[in-house]
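Encoded as structure tokens, the following chain is the form predicted on its own, with no partner shown.
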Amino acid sequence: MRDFAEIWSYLAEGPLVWLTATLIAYAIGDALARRAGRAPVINPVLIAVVLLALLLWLTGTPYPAYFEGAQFVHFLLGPATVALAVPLYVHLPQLRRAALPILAALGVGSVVAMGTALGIAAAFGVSPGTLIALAPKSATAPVAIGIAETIGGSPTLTAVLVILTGIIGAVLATPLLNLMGLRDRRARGFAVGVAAHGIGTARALQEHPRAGAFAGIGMGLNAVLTALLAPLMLMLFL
């Protein structure tokens, strides 16, 4: 056991160890999700988070040491966000034909996501700093973190809230939309993208390519709208 601890301490000094651990954790989560028939509850991101948290706890590794390797994955969030322009361009004709309902759904979804979260948190007496970090939680991670830094919130707390929002959305969206009887792939995808950003979009892609495309559109548009509305929404609660 002592030899293993010494070997691990040596390996953990290399940042690529944590990059590898992150990829393996997600691969395990994805394999379990596939075996479960992509059931919403078996979410690969949630499984990966739990596995990595256990590994960090068991090895006594501080988060900054882990992030030295994980930052390679974190870097890809930027290009992935920019790549949202692709589904926007591909489905531009459909977007033009349905511009009014899309904009209406985007506005309502963005305002409700921020308003309900801030309202409930404020009612429970949450501190102003936490409210600021909470406001952009439905936007995709790079945008949400940028908003938090700009308006004086904690980027780290915002990142945690973004991940929780995405996981909860990915787990609950499919059964909730089925319960509501919503069958249109475009509407299902767009709703998930607005409410649950990248993790929800990944779930929508597993459901159907068209749902995934419209989820990406919803995620991209909501990121822009959240950047504009978050400071205004916070004025109502601070």
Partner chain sequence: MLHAFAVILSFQLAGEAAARALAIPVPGPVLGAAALLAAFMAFPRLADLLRPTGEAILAHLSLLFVPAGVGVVGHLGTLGAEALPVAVALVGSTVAAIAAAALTFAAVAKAVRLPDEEQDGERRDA
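Numbering follows the first chain given and starts at 1. In this text, the rigid core denotes the largest set of C-alpha atoms whose superposition between the two forms falls within 1.5 Å. Keep in mind that what you see is a predicted model, and the values were worked out from it rather than measured.
Another form exists, predicted in complex with the partner chain; not displayed. Remarks below refer to it.
Contact annotation: of the candidates A39, A65, L205, I28, the single residue with a non-hydrogen atom within 4.5 angstroms of the partner chain in the predicted bound form is L205. In the predicted bound form, the partner chain sits within 4.5 Å of a heavy atom belonging to L134. The shortest heavy atom separation between A33 and the partner chain in the predicted bound form exceeds 4.5 Å. Remark: I145 does not count among the residues lining the partner chain in the predicted bound form, judged by a heavy atom distance of 4.5 Å or less. Within 4.5 Å of any heavy atom of the partner chain in the predicted bound form lies no heavy atom of I151. The partner is not shown here, but in the predicted bound form the stretch 118-152 reaches within 4.5 angstroms of the partner chain through a heavy atom at I120, A121, F124, V126, S127, T130, L134, K137, T140, P142, V143.
Relative to the superposed core, L23 undergoes a C-alpha shift of no less than 2 Å between this form and the one not shown. In the core-superposed comparison between this form and the one not shown, the C-alpha atom of Q206 has shifted by less than 2 angstroms. In a rigid-core overlay of the protein, P175 has its C-alpha displaced by under 2 Å between this form and the one not shown.
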